[in-house]
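Shown below, as structure tokens, is a lone chain in the form predicted on its own; questions about how it binds or moves come after it.
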């Protein structure tokens, strides 16, 4: 009998929070079971195992990132939208490094896989940013990959404490936004 209040969504939410605390690589079914107050075999009533848990956390992360970026860009265009999207994405990754890590490099099983659906939502939010620039349709994928690389790289380096010199990290991020804006305008 599943513990009262424990369902797949609650297990995934607890796993995501734990991944943010200890890192995705350290997240185990045993540690999660301890966190939610059940024995490890009880978790398998809610998730199919470690890989399924990671996939579900990845889909949750993409959904939450898409929500954050989507809300941030509403009613904005051009550099304003770019800055809002980049800041929202960076904040999400820095605040949720474990769950974000679960979204990287995972292959969706098909177009209806939550990873694919939520990934498209996040791409759609960044695609909306590009509408404020004169990007040729044939270059949209390249522009999206460039933005993702810039934002992902900065945010994951920051969340891993990769910027340990004296220049303010926020100033560097604003420099990155201005750099991206110039590049998109020139493109």
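All values reported here derive from a predicted model rather than from experimental measurement. Positions refer to the first chain, counted from 1.
Absent from the display: the form predicted together with another copy of the chain. The rest refers to it.
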Triple contact flag 107, 182 and 186 to another copy of the chain in the model of the complex, non-hydrogen atom at 4.5 angstroms: yes
Stretch from 51-59, 64-72, 36-44, 157-165 whose residues place a heavy atom within 4.5 Å of another copy of the chain in the model of the complex: 157-165
Contact test in the model of the complex: residue 28 vs another copy of the chain, heavy atoms, 4.5 Å: no
4.5 Å heavy atom contact, residue 121 to another copy of the chain in the model of the complex: no
Residue contact check: residue 131 to another copy of the chain in the model of the complex, 4.5 Å heavy atom: no
Residue 176, heavy atom within 4.5 angstroms of another copy of the chain in the model of the complex: yes
Heavy atom within 4.5 Å of another copy of the chain in the model of the complex - qualifying residues of 121-155: 123, 139, 141, 142, 143, 145, 146, 148, 149, 150, 152, 153, 154
